[in-house]
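Just one chain is shown here, as structure tokens, and it is the form predicted on its own.
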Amino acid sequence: MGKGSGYGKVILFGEHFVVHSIPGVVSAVDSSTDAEVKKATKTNIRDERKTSKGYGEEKRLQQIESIERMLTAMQLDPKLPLDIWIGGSLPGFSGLGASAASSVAIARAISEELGLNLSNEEINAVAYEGEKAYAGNPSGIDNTAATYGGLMWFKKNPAGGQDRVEKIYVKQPVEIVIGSTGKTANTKLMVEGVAERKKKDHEKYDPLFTQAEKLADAGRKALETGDLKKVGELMNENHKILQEIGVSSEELDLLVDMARKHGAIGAKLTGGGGGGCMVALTPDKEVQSKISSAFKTAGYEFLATKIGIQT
């Protein structure tokens, strides 16, 4: 039996913009997806992750396509029969990089079961191919975070070559709360929607993309110097831009407002938007607990975790 794991992630700065080669800041979270793979006579996938309602059904066909894409990338028969189990501590919520985490975990488990001995770089490339089933035109930021962990600066290579990835080091891990709207988002449609609107309205979108790049740069510097108050302010600004490009939702805005009212120093949607998750910066256990309780009372699922854990 082959085993593998992949980290979940939150994007602190740059979702959607990273697809267009604007830099972003992403952190793995202290939760992961695990996978086990065995050779079999027919393919069987058992997904036992805790998920938001409808997530498994919504992603089922994409999951099958993803596995076939990864097998092809490994130069294997895409219909190779495998028994695959998926679990772990990372919930299946849209926006947490759950699909990338599962792709990395499955790729590692297949590599181990079949004795392929793939390197992290090769696992990352295989998982990127798997991500195409979920995101259409993925930036590569999710699978990179899922593969390597830690906090990083990411810039997609527009020519399709090596992406720019640089580790960011913080003095100590930072508490966050991720709130789930309970709505499963279609990342592929959200990414295509932004690209289409940008193409039609350069006058509106170009300045927003320029602003997003400045925010990501300032966010990186604030993280490196330990200025969490500044990081929070920049996250709030980033959320406004994401609202303006049409990827937030009523539920996301509600959770963001709720988190800020209960002491978050910054809160924004994370991931593709249109549902899925938001992230609140809660730089101490007391604020983290207060926001977690508020989400629980209001009936929303959440994950209290940390970013900036070095791997």
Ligand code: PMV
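Residue indices: 1-based, along the sequence shown. On a predicted model such as this, the values are computed, not experimentally measured, just so you know.
Not pictured, yet referred to below: the form predicted together with the ligand.
Note on the interface: of 139-147, 198-206, 119-127, 160-168, the segment with non-hydrogen atoms within 4.5 angstroms of the ligand in the predicted complex is 139-147. The ligand in the predicted complex comes within 4.5 Å of no heavy atom belonging to Gly179. Not displayed here, the ligand is kept clear of Leu12 by more than 4.5 Å at the level of heavy atoms in the predicted complex. In the predicted complex, Val18 approaches the ligand with a heavy atom inside 4.5 Å.
In the predicted complex, none of the heavy atoms of Gly266 sits within 4.5 Å of a heavy atom of the ligand. For the partner-free chain shown, Thr187, Val191 of 172-193 come within 4.5 angstroms of the ligand in the predicted complex, judged by any non-hydrogen atom.
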